[in-house]
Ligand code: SAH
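Just the one chain here, laid out as structure tokens, in the form predicted on its own.
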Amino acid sequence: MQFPTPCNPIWAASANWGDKRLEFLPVSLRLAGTPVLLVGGGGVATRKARLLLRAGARLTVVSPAVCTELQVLLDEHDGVWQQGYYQSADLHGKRLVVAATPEASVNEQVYHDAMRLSIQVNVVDAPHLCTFIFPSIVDRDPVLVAISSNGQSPVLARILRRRIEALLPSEYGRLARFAGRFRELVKEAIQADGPRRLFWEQALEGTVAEQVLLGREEEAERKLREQLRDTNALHSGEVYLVGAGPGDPDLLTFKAARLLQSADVVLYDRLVSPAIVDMARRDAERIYVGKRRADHSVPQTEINQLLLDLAQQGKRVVRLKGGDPFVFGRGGEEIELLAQHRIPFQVVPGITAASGAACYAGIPLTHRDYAQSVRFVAGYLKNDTVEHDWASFQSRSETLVFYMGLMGLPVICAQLQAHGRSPDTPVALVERGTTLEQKVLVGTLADMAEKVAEAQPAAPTLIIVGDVVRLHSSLSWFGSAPG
């Protein structure tokens, strides 16, 4: 392994980069079997040892003492602890050295000795004494993402690493290994570079990739071989029913965000916040399908057919559903037609409105002192009536949550009282839950209809009935409610 010394020029004069210079060039080193010296035996040295040993380095540690964890690491990976203080001779035969002692003078001596011998050196927390640095790593082996601040702010690099980790599914390593297994097969089938690259781009962003990420590698292999035999199969479509949550974009799941970024077409309605729709990739087609009460700009049967038509055109289609697709979201209806025509689809759960709105309003749906169960109820039925088994809603130990109940609220309050629920039972109406426009109106079964008529809240709303509402006044001050 040969490394350029830091004093060698690394920028050709003809490059014309102006003042824009890289202080460190990001590279990846193959350290398997490479003799590496680590000076230091404490916690910082242990963190470096963990990385070096995982990369396969042949590690020697020089230190008067080592912590227990470091000793265990060395034992597990056939590393060597050379007990004693650092000497220049310790660098003999080494290709890389890391200094991680609490003594600045020792660290500086390691640096100067390494420079004299043209050995690459890293002094922890001293960028000016480094010819290489350790980036923060997002590990999806064999996919690795390195983030570096050139030693200026390691904490910022770690923050960025956490954010990138949130965007990369943990199974991306599986996807990379899958692609590696079929690399030669694809190369033989598609010999031209351009078409082969396009094939991989579409395969790794489409159905093949989704099957791998779901752990269905046999199905993914079948699909990939099918696409190699028939390039038309490469353009087969797929539908993703994605739960967009109750409104706050930060409540979107990682998988939902990833599929939204991969979609060719996005179908959405008014229950999905604009901020979430904007998370789709810039060139994706957006189709508004309405879904306002009693005013569906696109009837449900047409939405179902549209999903089928778009998929049959080879499109990757995301159907964004407010809340969760399978909780009053009519998701089951939308996938029935797809299943009949054998169109691949996925359903991605979302945070349902009851959970999101209640949390942001400071109203726990269950509580040991107030409610031991919760029931989700449609605020109106298929024929726009409010007909339920009201007698079964009388338990004080059960919280009732009514979806889409704004228009039916007077009937809900009246029926609950008529069947035995106390008029002073607390009721909360959450308007536009989890968004910056969230409002919470609190009353009782006796006076809630009057309060709502006066306040004139706008849909979407959620109605919570039960003693847990009493906690709103105290818990909402400390919760995550917007505003």
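So that there is no doubt, residue numbering starts at 1 and follows the sequence shown. Definition used throughout: the rigid core is the maximal C-alpha set that superposes within 1.5 Å between two forms. Nothing here was measured: the structure is a model prediction, and the numbers come from that model.
There is another form of this protein, the form predicted together with S-adenosyl-L-homocysteine, and it is not shown here; the text below is about that form.
A.B. asks: So, a 4.5 angstroms cut-off on heavy atom distances: do all three of P246, V327 and T352 pass it with respect to S-adenosyl-L-homocysteine in the predicted bound form?
C.D. replies: Each of the three qualifies.
A.B. asks: Okay, which stretch from 69 to 77, 174 to 182, 402 to 410, 209 to 217 lines S-adenosyl-L-homocysteine in the predicted bound form, with non-hydrogen atoms inside 4.5 Å?
C.D. replies: That would be stretch 402 to 410.
A.B. asks: Please tell me whether any heavy atom belonging to G322 falls inside 4.5 Å of a heavy atom of S-adenosyl-L-homocysteine, as the geometry stands in the predicted bound form.
C.D. replies: Output for G322 is yes: heavy atoms within 4.5 Å of S-adenosyl-L-homocysteine.
A.B. asks: Is there a heavy atom of V430 no more than 4.5 Å from a heavy atom of S-adenosyl-L-homocysteine in the predicted bound form?
C.D. replies: Yes, contact at 4.5 Å.
A.B. asks: Any chance L271 has a heavy atom within 4.5 Å of S-adenosyl-L-homocysteine in the predicted bound form?
C.D. replies: Close contact exists here: in the predicted bound form, L271 approaches S-adenosyl-L-homocysteine to within 4.5 Å, heavy atoms only.
A.B. asks: Hey, which residues along 450 to 466 are within 4.5 angstroms of S-adenosyl-L-homocysteine in the predicted bound form, non-hydrogen atoms only?
C.D. replies: Sequence-ordered list: P460, T461, L462.
A.B. asks: Superposing on the rigid core, does the Cα of V110 end up 2 Å or more away between the shown form and the other one?
C.D. replies: Stays below the 2 Å threshold, so no.
A.B. asks: Taking the rigid core as the frame, does V317 move its C-alpha by 2 Å or more between the shown form and the other one?
C.D. replies: No; that C-alpha moves by less than 2 Å between the shown form and the other one.
A.B. asks: Is L51 one of the residues whose Cα moves 2 Å or more between the shown form and the other one, with the core superposed?
C.D. replies: No, the C-alpha position differs by under 2 Å between the shown form and the other one.
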